[in-house]
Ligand SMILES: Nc1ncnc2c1ncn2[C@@H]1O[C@H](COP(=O)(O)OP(=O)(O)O)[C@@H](O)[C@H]1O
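Form predicted alone, single chain, as structure tokens, below.
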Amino acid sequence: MSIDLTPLGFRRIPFTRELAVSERFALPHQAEVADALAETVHRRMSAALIAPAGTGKTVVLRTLVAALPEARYQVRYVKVTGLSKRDLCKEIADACGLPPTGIYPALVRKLQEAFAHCVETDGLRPVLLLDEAHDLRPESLAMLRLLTNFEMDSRLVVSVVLAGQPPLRNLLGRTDQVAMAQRLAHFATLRLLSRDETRAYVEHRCAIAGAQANPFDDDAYEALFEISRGNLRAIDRLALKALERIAKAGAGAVSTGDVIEARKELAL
């Protein structure tokens, strides 16, 4: 059962993932990454976004999608698991609205035909976003090279954006993945927030959730940063848990002690 935060001035629960792209906290380094990925896609090429969990990969992907007009692009999103190449093909086919049936070579051809039809008939540029790509099996990653090979590699038809945690870089660095790595025209990464960015981020998330007054004291912001080390996911969980604690206790603002106690209730 959720704790009522309205006494603290919140109109909705803060620090959840239910956040519109238009309401995101504008971080210049995230915007630069999203712009670079969009430019790569505009050039009909593929890219990789490799960064630790909690640094904003999902925010960047959502920003990228928002920057690709539906009138020009057909974007398909697939969350990767450790699937075989055939099963990954089926997942991609399903995301593209195709019957995920048939033997593996037929699935690859079916997808290539669908991507080509998208360009030649619908006038749309297909874009495939593969999230959690660090979980790709090597043979599944190699399959993507086949999927993007059109007319003996003479045409750029589909753009692939691989997004994943640092192990993805190791996967792409394997000797048997050189051909796929060379297809990626841009490699992007993200960093953790600074101390000042952490405070500004928390203030922003509280404000868009309706808080009129600052619910954290200065020392609490320091504690949030020291414990989270600028990891967005950790900040969200820690800040929300601390707010729930003071709401339950009837206090007016989060203190350092509240943040420390909140940490004890989380796996941080």
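Just so it is clear, the structure is predicted and the values come from calculations on it, not from any experiment. Quick note: we count residues from 1 along the sequence shown, nothing fancier.
Keep in mind the form predicted in complex with this ligand is missing from the figure; the text below concerns it.
Look at 54-62, 34-42, 216-224, 239-247: in the predicted complex, residues with non-hydrogen atoms within 4.5 angstroms of this ligand sit in 54-62. Taking the partner from elsewhere, every residue among 19, 25 and 232 has a non-hydrogen atom within 4.5 angstroms of this ligand in the predicted complex. Contact between residue 199 and this ligand in the predicted complex is not found at the 4.5 Å heavy atom cutoff.
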